[in-house]
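The form predicted alone is given below as one chain in structure tokens.
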Amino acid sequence: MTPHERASLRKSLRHARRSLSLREQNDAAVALHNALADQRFFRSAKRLAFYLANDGEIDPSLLFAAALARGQECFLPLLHPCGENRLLFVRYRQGDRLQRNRWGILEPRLQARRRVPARTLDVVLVPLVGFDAQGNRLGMGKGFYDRTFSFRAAARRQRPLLVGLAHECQRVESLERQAWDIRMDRIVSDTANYQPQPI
């Protein structure tokens, strides 16, 4: 797939998710919660990382609320302040103030005492633009998640568990994997749960 074809696919899939009605988005969020909230890997995780839905992404806020209510440690991504196209993860507590980053996405303020290394998280819920059933993910094109979790490929680590979240309309038959792409351990949509075989 050429860079132009990849960009065209990204544009098409972003349009598809943004075209979902408010009711369809709400129904998808409920279905996502029902699919994951009682999964053992989710309930037993001590440290969970979430994202705040943007640009038509499937919304994990019901899962976020459930984890907070259970007393699990919940984290949100923050753009690295030094412009390294990486993410930092900061613990979120109910009522914490959020601020908008350079793309207008809400994120927590950087507080050193609440920041944890990405490799110490148990489960990370990852937004995506497109995916295939083999666990390949198409992101927004900046490589934030791929760079942040590149240690997974280098050391063949299985922690944290990377779970891609999407609307089913974002699934494609096959995505060409780039050398820097970090494969998802699972992908969960509003209608299906994909568990790719390990490579």
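Since the model is a prediction, treat every value here as computed from it, not as a measurement. In this text, residue numbers run from 1 along the sequence as written.
Keep in mind the form predicted in complex with a small molecule is missing from the figure; the text below concerns it.
This chain is drawn without the small molecule; in the predicted complex, the residue among Met140, Val30, Ala65, Val172 with a heavy atom within 4.5 Å of it is Met140. Heavy atoms within 4.5 Å of the small molecule in the predicted complex belong, among the stretches 22-30, 43-51, 160-168, 143-151, to residues of 143-151. Of the heavy atoms in Arg186, none are within 4.5 Å of the small molecule in the predicted complex. Though the partner is left out of this view, Arg14 does not reach within 4.5 Å of the small molecule in the predicted complex, counting heavy atoms only. Taking the partner from elsewhere, Asp181 is found to have a heavy atom lying within 4.5 Å of the small molecule in the predicted complex.
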